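One chain comes next, on its own, written as C-alpha cells: the form predicted alone.
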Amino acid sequence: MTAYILRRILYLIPTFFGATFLAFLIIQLAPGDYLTQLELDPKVTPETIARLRAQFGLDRPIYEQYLLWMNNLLHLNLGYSFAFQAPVLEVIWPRVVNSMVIVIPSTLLLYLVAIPIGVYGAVRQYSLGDRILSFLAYIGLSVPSFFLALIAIYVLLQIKFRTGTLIFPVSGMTSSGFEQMPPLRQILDIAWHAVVPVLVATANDIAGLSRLMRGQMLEVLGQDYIRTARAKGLAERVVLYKHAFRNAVIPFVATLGGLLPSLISGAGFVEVVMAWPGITPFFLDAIANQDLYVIAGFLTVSLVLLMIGNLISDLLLAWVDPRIRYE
C-alpha cells in the first residue's frame, strides 16, 4: 500500500502544476486587471500604476507571472490581495472559518439524515412513507437553495409580524453588541444565527442524496447474492446492513474526495441571500474586483484538498470493497 500511495502522490505533481497553470491562464484571459480599475481614479497617477504593475509583476508575460506566483506558493505564500492590501491567506482564512460554521454541520446532518431515508425508501418500497419521502425529495430537487433561503426568510418575517418574535435571525452571523458578549454567549449567538442557513443548505442536498441511496439499495437488493443470503436463513438485519448496505454505500465512498474542498468552498448562494460573511460572497467580490491572487489562491487550496480527498476516497474504497486491490 505504501508503494501505491507514493505512486499516486507522484501522479498528483504534474496534475497540480497543469491545473494551476490552466486556472491562472483562464483568470488572465479576462480583460484588464485590478490596476486597470485604478486607472479610472483621477487621484492615482500613471506613475503609481506603473510602479504597482512592476511591483506585482503584472507587466510581465503570463508565464513569468505564473512562475513568480508558483515560487511564492512553494514558500506557502498565496500572494497579495490588491483590494484588501493584505496577504491572501490572512484575507481568506476568516471567511473560510465562517463558511465552515455552516458547511460542517450541514454535511454531517446531510449524511445522518439522507442515508437512513434512502435505506428506508428501498426497504419499504412504495409504502406510504416511501411515497411521502419521494414526493418531498422531488420538491427538494426542484427548488434551488437560494430560493429556499428566500422562502425561509419570508416565513420567519411573517411569524415575526404576527407574533412579534423573531424565532431565528434572517441575515448576518452575529447580533449587535457581539464583541461585548462573553465567549460562551458568542458561541451560542453564532449557533443561533447558523440554524436557518444550515437547514437550508442541507435540505436541497438531502433530496438528491436520499434518492441516490434508495436507488443503490434497490439495485443491490435485487442481486443474486442477496437472494442466496436470504435462502440460507440469515436474519433480515444481517442481509440488509452487512451485505446490501455495504455494497450500496460504495458510490458514496467514491464521492468523499469532494468533501474536503467543499468544507472551504462555502454554502453557495445561501450565504449571499442570508448575508452570511462566508467565502462565497467574498469570492464573488474578488472576481468582480479582478483580485487575481485571491482567486488563484482559493482555487489552488481547493485543488490541493480535492487531490488529497480523492486519494483518501480511493483508500477507503479498497477498504470497503474487497474486490479492489492495490497494484
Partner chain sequence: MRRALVWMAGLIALAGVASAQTFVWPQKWTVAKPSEVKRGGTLRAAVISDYRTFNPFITAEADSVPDLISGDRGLVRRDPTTGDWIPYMAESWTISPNKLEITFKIRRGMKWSDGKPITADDWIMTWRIHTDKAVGSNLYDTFFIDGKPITLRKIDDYTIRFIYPKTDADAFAVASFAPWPAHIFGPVYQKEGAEGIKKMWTLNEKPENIVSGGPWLIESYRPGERLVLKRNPAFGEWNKDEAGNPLPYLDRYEIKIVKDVNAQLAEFLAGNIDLFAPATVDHISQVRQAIQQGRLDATLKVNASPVASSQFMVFNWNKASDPFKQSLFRSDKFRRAMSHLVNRQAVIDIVYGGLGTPMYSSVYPVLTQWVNPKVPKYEYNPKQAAKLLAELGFTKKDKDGFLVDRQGRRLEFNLATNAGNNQREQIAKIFVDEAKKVGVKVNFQAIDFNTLVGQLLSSGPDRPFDAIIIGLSGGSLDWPFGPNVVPCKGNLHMWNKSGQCLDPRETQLDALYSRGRTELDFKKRVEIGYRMQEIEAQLLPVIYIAGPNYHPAWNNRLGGEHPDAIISSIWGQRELELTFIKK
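Numbering follows the first chain given and starts at 1. Here, rigid core means the biggest group of C-alpha atoms that superpose within 1.5 Å across both forms. Owing to the predicted nature of the structure, the values given are computational and were not obtained by experimental measurement.
Heads up, the form predicted together with the partner chain isn't pictured, but that's what we're talking about next.
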Counting only non-hydrogen atoms and a 4.5 Å threshold, tell me whether D130, Q223 and I250 all contact the partner chain in the model of the complex. no
Please pick out the stretch from 107-115, 84-92, 253-261, 121-129 that is in contact with the partner chain in the model of the complex, where contact means heavy atoms within 4.5 Å. 84-92
Identify which of I62, L52, L68, I26 has a heavy atom within 4.5 Å of the partner chain in the model of the complex; exactly one of them does. L52
Out of L188, L212, L73, L150, which one falls within 4.5 Å of the partner chain in the model of the complex, going by heavy atoms? L150
At the 4.5 Å heavy atom threshold, is Y138 in contact with the partner chain in the model of the complex? no
Even though the partner isn't displayed, in the model of the complex is P277 close enough to the partner chain, meaning a heavy atom within 4.5 Å? yes
Using heavy atoms and a 4.5 Å limit, would one call V198 a contact residue for the partner chain in the model of the complex? no
Closest heavy atom of Y241 to the partner chain in the model of the complex, within 4.5 Å or not? no
Any residue of 268-291 that, in the model of the complex, places a heavy atom within 4.5 Å of the partner chain: V272, V273, A275, P277, P281, D285, N289, Q290
Core-aligned, does F56 move its Cα 2 Å or more between the shown form and the other one? yes
Taking the rigid core as the frame, does V301 move its C-alpha by 2 Å or more between the shown form and the other one? no
Using the rigid core as the reference frame, would you say V273 shifts its C-alpha by 2 Å or more between the shown form and the other one? no
